[in-house]
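Taking the form predicted alone, here's one chain by itself in structure tokens.
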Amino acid sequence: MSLITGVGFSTHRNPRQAGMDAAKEAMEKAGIDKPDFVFLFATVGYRQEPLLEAVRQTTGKAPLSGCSGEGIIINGEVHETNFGVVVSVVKSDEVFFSNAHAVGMSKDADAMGRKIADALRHDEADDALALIAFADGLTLNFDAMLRGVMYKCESVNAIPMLGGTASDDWSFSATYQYCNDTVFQDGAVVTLVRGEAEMYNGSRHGCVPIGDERTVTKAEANKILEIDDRPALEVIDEYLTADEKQGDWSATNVYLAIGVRAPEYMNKYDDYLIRFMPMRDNEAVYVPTEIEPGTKFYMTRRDHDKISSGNQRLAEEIHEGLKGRVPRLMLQIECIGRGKVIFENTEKQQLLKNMQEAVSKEANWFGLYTYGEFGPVGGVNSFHNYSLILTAIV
């Protein structure tokens, strides 16, 4: 019984060369000729189709899941660049991977999720370990997608859902998801992981509340219209500096987020669940999850010290759970707002190195910078922003 993995990366600017180089390196490190499954993350400077085609050809058309991101993460390095690709290959006779995808997130995320559920049939798997999902970061409705994906299961928390949303280069113009030979948008690809293995995961965010507690008084799905019986935009603008009010929202929302009071079962996680506000129009701000009138929240801003200390605590918790074992695969999903927009490059690289050494120096590690993160807390599948999600397979 075995689980063999390998990780390769490239920053070559030619998409075909980059895809081929990363895939070859991954297979060489794994010591295999053809994997059973492939994960692919890439940034958006590449033409996505030839990049995917090169990875598929090099890996012998093995099933593949992945998405675009603002940057890639590997052992010892972070590459926040328009030209970066990371490939992780898996070969195993004890852990099995199967995938499915669907589009139509913006039209009906629940129906989209049901299509994926029908294809994966994960409700029939009595050895399911997790679902790893990558979804469009611009059209996501996490709650509706989760309901759809889990509609045949006993509850929406029947199987842990991990992963995150695709991102781009901060332009908020187009994100991409990959499933086998297909590059698509406005959808999700979900991978069922099943078999004989143990998985450990955890999450941390790095935001602190500012100002007084607020209440959402009018909302529709993931659209916040009124706060404390006042227009939502009017209240949000009170938290902005003069320069931020005059600037582009896509630059301003990097620093400001909504902190929803976390339920009691999340008391070991944090006091707040963070909600990014990717879009605003003339009447409302939007968040990636549904939000009910009456929801209590604080405005929050990111905090360097909380990010640093949270990373280290999470790494130590994963290490303790491993009990001296080396993870055969480590997946890091981290918010785009915790990268170069807040840390200098040397500081960012050191944070990653410290965290990886605290977990295991020998683990095959790969990851992505996203617009949102998925990970269970207290047994409840949850959406996160400005967060770090670590997952170990041993």
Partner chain sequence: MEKFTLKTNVLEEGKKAPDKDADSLRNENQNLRNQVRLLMAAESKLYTLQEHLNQQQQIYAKLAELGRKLNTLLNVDEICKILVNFVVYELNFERCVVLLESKRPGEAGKLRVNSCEGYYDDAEMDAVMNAEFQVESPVLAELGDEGTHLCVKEDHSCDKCAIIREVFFLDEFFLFPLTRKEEGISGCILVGNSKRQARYQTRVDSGDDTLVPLTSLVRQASITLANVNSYNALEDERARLDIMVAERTQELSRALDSANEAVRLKGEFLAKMSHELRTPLNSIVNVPAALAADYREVDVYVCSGCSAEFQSDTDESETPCPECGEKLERQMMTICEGDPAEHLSFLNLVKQQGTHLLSLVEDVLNFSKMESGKITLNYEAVGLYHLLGEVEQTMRLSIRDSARCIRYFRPEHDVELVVDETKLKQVLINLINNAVKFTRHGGEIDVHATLSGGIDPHVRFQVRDDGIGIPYNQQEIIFESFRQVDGSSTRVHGGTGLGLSIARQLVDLHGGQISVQSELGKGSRFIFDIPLHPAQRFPSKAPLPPKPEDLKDELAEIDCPVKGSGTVVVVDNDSSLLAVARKILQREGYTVICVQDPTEAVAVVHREQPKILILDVQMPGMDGFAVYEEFRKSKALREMVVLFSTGDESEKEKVLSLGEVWLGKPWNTGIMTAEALERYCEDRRFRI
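Positions refer to the first chain, counted from 1. Predicted model only: the values in this text are computed from it and were never measured.
Beyond the structure shown, there is the form predicted together with the partner chain, which is absent from this document and is the topic of what follows.
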(request) Give a yes or no on whether every one of Arg16, Gly45 and Leu240 sits within 4.5 angstroms of the partner chain in the predicted bound form by heavy atom. (result) yes
(request) Would you point out which of 142-150, 127-135, 112-120, 232-240 contains residues with a non-hydrogen atom within 4.5 Å of the partner chain in the predicted bound form? (result) 232-240
(request) Spell out, yes or no, whether the shortest heavy atom distance between Gly339 and the partner chain in the predicted bound form is within 4.5 Å. (result) no
(request) Evaluate Gly321 for contact with the partner chain in the predicted bound form, applying a 4.5 angstroms cut-off between non-hydrogen atoms, and reply yes or no. (result) no
(message) Can you work out whether Phe83 and the partner chain are in contact in the predicted bound form, taking contact to mean some heavy atom pair no more than 4.5 Å apart?
(response) yes
(message) Residue-level contact is defined here as any heavy atom of the residue lying within 4.5 Å of the partner chain in the predicted bound form; does Pro209 satisfy this criterion?
(response) yes
(message) Considering non-hydrogen atoms and a 4.5 Å limit, which listed residue (Glu290, Asp169, Glu317, Glu196) is close to the partner chain in the predicted bound form?
(response) Asp169
(message) Please tell me which of His79, Lys218, Arg301, Arg313 lies within 4.5 Å of the partner chain in the predicted bound form, judged by heavy atoms.
(response) Arg301
